[in-house]
Each structure stands twice: as C-alpha cells, then as structure tokens.
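One chain comes next, on its own, written as structure tokens: the form predicted alone.
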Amino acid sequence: MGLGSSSPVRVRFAPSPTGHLHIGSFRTALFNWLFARHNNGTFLVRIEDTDLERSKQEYVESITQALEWVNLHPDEPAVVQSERIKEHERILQELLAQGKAYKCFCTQEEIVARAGDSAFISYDGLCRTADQDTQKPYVIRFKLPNITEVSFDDLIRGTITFAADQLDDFIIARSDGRPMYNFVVVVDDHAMGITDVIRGEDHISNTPKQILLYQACGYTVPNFAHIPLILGPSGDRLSKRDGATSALAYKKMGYLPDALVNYLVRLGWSHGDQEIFTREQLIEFFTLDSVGKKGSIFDIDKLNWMNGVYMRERSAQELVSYITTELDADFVAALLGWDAAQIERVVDLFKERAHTLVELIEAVKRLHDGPPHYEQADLDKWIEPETKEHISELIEVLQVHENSSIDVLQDAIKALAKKLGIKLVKLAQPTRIALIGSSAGPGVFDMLAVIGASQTMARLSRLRDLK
C-alpha cells in the first residue's frame, strides 16, 4: 500500500535532539534530500523533541549546523514536534470518542502476571470491555482492528508482511498524557503532507503500527522505504570506535562537506562503477531502485581517499579560504613572514599527499615552524655515520649560494652529490627530515624555495648536531 507516484513528492528528515547528528542519520537526511531533488519535490525537517527529559536545545543547534554545513536546507521552516502537542491531544480524543482507542488501567505487573509463561508478553485486551476504575492512572491503547496481517510494499525491500499475532493493542499515550512516538509521527506526517517516508531499517517494526494508525485516522498511507544500516568493519552495527560519531566531528577532523556527502551516498547506493559524483550528478542519478538491501561497511580509508580527491580538485586559494572560515581562523596569521602567494604555494605542495584538511594544516605549519620532532624510523634509515659530514658540506654550499635562484642552488647540490660520490637521495632525504621531520613529503627543492637557504641551513645544523 502507498500513495504511488501521483502526488508531488514531500519527504522529511526527523531527527531527535537527544544527541548530535549521528553519521547514519546524516546519510538518511542525504537520501531524503536527493530523493526530493531528483523528483522535483520538497525536503522538510522535523525536530522530534517529545522526549522532554533527553531533548536539548544544544542538540537542535548541532543538528541544524550539520545540515547547513553540507547545504541540506529544508524547503520550508522546520517543524518542532513539541509545538504541536495540542493537535496530538485533539486527535487522541477523536480516536477515543470513535472507539478506535481506549483507556487502559492495567499495570505492567498485572499484564505480565496474566501472561503467565508466554514467551511473547502481549496485552490481552482486558480493558477493552472490563469495568474501568477512573481513579487509577491509565494509558491510552490503540484498539487493534480485526485483521489477519498488515502488509506494505517497501520501495527498497519489496513486500513486507506482519501477521496480526505479532501485534497487540499498543500504547499511543503514556499515563502522564504524553502521546507516544508512533502516534505523533503519523499525525505530523499527515499534517506535513509527507508522501514518502525514507528512514533506517530499524524502523521497519514501527511501520505496521503506523499504517494502522493512518487508516484509523482516515489519512492516506505514504510510501515507505527502509535504508540498510551502516556497519563497522566487523559487520556489526557501526560503533563510535568505527566512525559512528557526530556529523560535525567529521568537519572538525578536516573532511570537506562534498567529500563526506559523496562517500555516504555511496554507502548503500551505486550508479555503475562510478565513485566520484558532483552534487548535480547525485541529484540526476539518485533513485531508491539503486539502494541495496544489505548493510554497508564504513571504511575510513575509503573516506580518506575520497576526501583527498576532493582536496586536490580545490585550488589552494579555495582551501585556505575554507580552512580560515570553517576550521582554523588563525591559520594564515600563524604563518608569520609568509605572504598569500607563499601560503598557497605550500598548500599546493602538501594537498597532493594529505587526506584531510587537518593533516594539511599540520603539514603547512610544520614546514613553517620546523619539525617538533623527527621520525625515528627515518633517522635510522637515512642518517648514517657519514651523513653528518655530508650535511656540513651541504651547509657550506647553501652559504655560498644563499642568494642564488632555486635552479642554481639545485645544480650546486647535485654537483655536491657527484663530488661526494653519492646519489642525490643521500642528501635530499636528510634535508627533507631536517625541514619537516620526515622523509615522506613534497620535493626538497620545492620546500627549500619557500623557506629559503638561511632557514634550511639552520634546520640542517639542528639535525647534524642531534645526539
């Protein structure tokens, strides 16, 4: 059952502000947004804050900031669920008046005692017909209609059927009067005109209850699509250790928003063998038909690779602007003595190797400030007994050519290697270690051209005098 394709598409992303926006929920928002854009529809956001004890304004702000960071803007003002409580209560009273719901005075202990040894403790419907003690606290239960099953066509998984004996007269309002999740979701989705509900597969068990509530309220039942979960490397549900952290944490770790979007959409969705997509291509190609039924493994190495691709596609000027705006406002100010051209030149050097903007920032600052330490493995490999003498002779060459062009300096250093009877790498690698603390990095002469011969000599001296 469902609307089909006749109504204009309206979808919603409905996070609960009981925590920061989790990366799995973030992907759900992306799938909803892309589905809306592909179908020229409307993307909405609803803040589901009816869990009053756990909902916090700081999480609402965090969720909003995460969506803004990746440009997933709702097409209409966000709906705040708690502001609609009067409407929820009105519909509850209508269901009671129509005999589609009833007050239940049974305690949980009484229900368990009546169930005996039954493995599945379901409500036996006692308060449907029994005399009711209006002095006792009560919940409101939905009166299950006389059905054998509830079936729906999932847009990703096909037909899903629940036998009626898997359901009971479930609670739709607590004893304190607050409506339950499954009830308010139905009322709000109807009010918002939602045509397609796209959400995680952990909501499949809620769907039959919601369908019955749609029907009882006289609402049109929307289409449903349940997305497989994101899994950790072990194949289990993604944990924080594996990457199940907040979406904004990935911003702080130095991932570009378009790279994260591209990576997350590819977790469970595909378009041939293509890996890299522009936002426009994602909108053009995205359909639920291409979403898989199995969970996808979160692979941080793949995300790092993809982020590196996006970084290399950005100009140095764009990267510097993004860094100072979104990550490190003092980035440029900390690079004393370097003008904009030098900074962009160094960014271009290091972006070829960095996987994240945080790595890039650290690499640029390391070249500017000098290495805080040396990689011991690189020292063991490249600093041999005769290397210190080679460094001394290299310093002398730099002194002679301190004011020469980089091309002249490069020729002089090559000539020194020939004079010493060693390969150029025997001078280049110690120099690279002196400059940035590691033998892995950009070309030595490229870095030397930025920091100059004088600074290079000082760092070579420090390395040579290392005990």
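Don't overthink the numbering: it's just position in the shown sequence, from 1. Here the structure is a predicted model, which is why all the values come from computation and not from measurement.
Same protein, other form: the form predicted together with ligand GLU, not shown, and the subject of what follows.
At a distance of at most 4.5 angstroms from ligand GLU in the predicted complex, none of the three residues 366, 374 and 442 contributes a non-hydrogen atom. Taking the partner from elsewhere, residue 455 is found to have every heavy atom lying beyond 4.5 Å of ligand GLU in the predicted complex.
In the predicted complex, ligand GLU stays beyond 4.5 Å of every heavy atom belonging to residue 105. At the 4.5 Å threshold, heavy atoms of residue 24 stay clear of ligand GLU in the predicted complex, well away from it.
Ligand GLU in the predicted complex is not approached by residue 51, whose heavy atoms all lie more than 4.5 angstroms from it.
Of the residues given (185, 354, 349, 216), 185 alone sits with a heavy atom within 4.5 Å of ligand GLU in the predicted complex. The contact with ligand GLU in the predicted complex, taken as any heavy atom within 4.5 Å, belongs to 203 out of 314, 203, 266, 157.
With ligand GLU omitted here, the record of contacts in the predicted complex names 195 to 203 of 195 to 203, 258 to 266, 109 to 117, 134 to 142, defined by a heavy atom within 4.5 Å. The single residue of 165 to 181 lying near ligand GLU in the predicted complex is 181, the criterion being any heavy atom within 4.5 Å.
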